[in-house]
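First, one chain by itself: the form predicted on its own, in structure tokens.
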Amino acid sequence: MSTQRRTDIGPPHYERFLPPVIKANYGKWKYHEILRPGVMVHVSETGDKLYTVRAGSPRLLSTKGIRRFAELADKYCDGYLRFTSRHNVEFLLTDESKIEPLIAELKAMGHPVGGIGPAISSIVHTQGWVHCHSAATDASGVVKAVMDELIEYFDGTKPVPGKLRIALACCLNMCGAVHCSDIAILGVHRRPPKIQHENLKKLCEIPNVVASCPTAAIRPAEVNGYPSVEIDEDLCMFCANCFSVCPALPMADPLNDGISIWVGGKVSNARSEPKFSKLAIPFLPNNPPRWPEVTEAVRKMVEVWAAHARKYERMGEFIDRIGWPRFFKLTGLEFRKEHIDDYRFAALSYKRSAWLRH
């Protein structure tokens, strides 16, 4: 019996979940290489090999779908699999002969294999309309439409110069942290909350509503002889914090809610420092179920990058090399007033040189 105390405080130690081949070769891996799209091998100093098969997976999985993955893991890799931070599922094998049968079963289930190395990986995204009360757009629907359009860049049918990471957040609160992605799809509200004065006096505590606003855009007011609130539209940043504490301040607006697209961000330190994404398209309409305007815009950006970028060059590095004016010209983007940075500290990020590359 182990003398180590076990408590319910904190997460269990990660070693408990490592496959035996990883635990036996921990710290001894010599190199890895990509054998084909979606298949990678790690080779140890001991000669052991670990094969990884990556397949695209939806972020929202049913218990039936998880059981199917678990059955494949039991059948081909002693029960071991993992999910990546971008919603891919990876099967960890030690028997090379099982790779092809596993891939065949995954494809039969509708899960394409790919996304390793120079490729587009699955899109990481937030909740969207399916769950989040502050969403300005859907998440799963947009992601499905975009990845259906770009699937050949995931499964290796069409080669790309390097990695491309796409992310989606369904509102400006960005719980999906899309601000450091090659292409960021971001839901935007364009109007402040609608005040339902009759409901507000029954459902909400006015001090809590006022305190919930991070920009002090909400203040107490009297409407028709009853206590209520008013909103300074110039201060509102559409965060929906007020709606979180008061159902009488809904944000959803079918006409004015939509999607913006940002480009050029990355987390990686390779070749250049990490970058924030910058605005490319201020607004595209919500047009479910296939969001044609969004898929067309994203595909155009990917095609321009794939055709003109150098080997291993990320989207932001490619734009820095050719310059934003040429990127806008190649992609057919329109320069609009929203591209002008009016943030009070924006001078720190302004391009101060008169030299532009075309």
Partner chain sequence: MAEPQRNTPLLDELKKGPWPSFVTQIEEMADAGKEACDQLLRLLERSYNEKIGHWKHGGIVGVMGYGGGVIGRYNDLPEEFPAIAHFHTMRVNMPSGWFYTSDALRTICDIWDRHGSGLTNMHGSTGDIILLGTTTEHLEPCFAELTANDFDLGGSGSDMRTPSCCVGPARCEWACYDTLALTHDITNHFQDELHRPAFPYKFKIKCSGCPNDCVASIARADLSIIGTWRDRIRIDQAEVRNYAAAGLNIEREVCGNCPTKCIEWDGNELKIDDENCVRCMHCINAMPKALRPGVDTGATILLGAKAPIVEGAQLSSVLVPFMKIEPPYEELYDLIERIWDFWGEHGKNRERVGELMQRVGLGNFLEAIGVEPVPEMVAYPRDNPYIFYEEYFVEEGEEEEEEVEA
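Residue numbers count along the first chain shown, from 1. What you are looking at is a predicted structure, and each value in this text was computed from that prediction instead of being measured.
What follows is about the form predicted together with the partner chain, which we do not show.
> Can you tell me if S268 lies within 4.5 angstroms of the partner chain in the model of the complex, counting non-hydrogen atoms only?
Although the partner chain is absent here, S268 would touch it in the model of the complex, with heavy atoms inside 4.5 Å.
> Contact between F335 and the partner chain in the model of the complex at 4.5 Å, heavy atoms?
Looking in the model of the complex, residue contacts with the partner chain do not include F335, since no heavy atom lies within 4.5 Å.
> Does the 4.5 Å heavy atom contact test between G141 and the partner chain in the model of the complex come out positive?
Yes, G141 sits close enough to the partner chain in the model of the complex that at least one of its heavy atoms falls within 4.5 Å.
> How about H131 - does it come within 4.5 Å of the partner chain in the model of the complex, if we only consider non-hydrogen atoms?
Taking the distances in the model of the complex, the answer for H131 is yes, it comes within 4.5 Å of the partner chain.
> Each of R59, V245 and P254 having a non-hydrogen atom within 4.5 Å of the partner chain in the model of the complex: is that the case here?
Every listed residue reaches the partner chain in the model of the complex, so yes.
> Counting any non-hydrogen atom inside 4.5 Å, which residue from P101, P159, G110, P207 sits next to the partner chain in the model of the complex?
That would be G110.
> Under a 4.5 angstroms heavy atom criterion, identify the one residue in L164, I218, V124, L284 near the partner chain in the model of the complex.
Among L164, I218, V124, L284, a heavy atom within 4.5 Å of the partner chain in the model of the complex occurs only for V124.
> Need the contact residues for 193-216: heavy atom within 4.5 Å of the partner chain in the model of the complex, sequence order, or none if there are none.
Those in contact are N208, S212, P214.
> Is the CA-CA spacing of T215 and H131 tighter or wider in the model of the complex than here, given a 3 Å or more change?
Compared with this form, T215 and H131 lie farther apart in the model of the complex.
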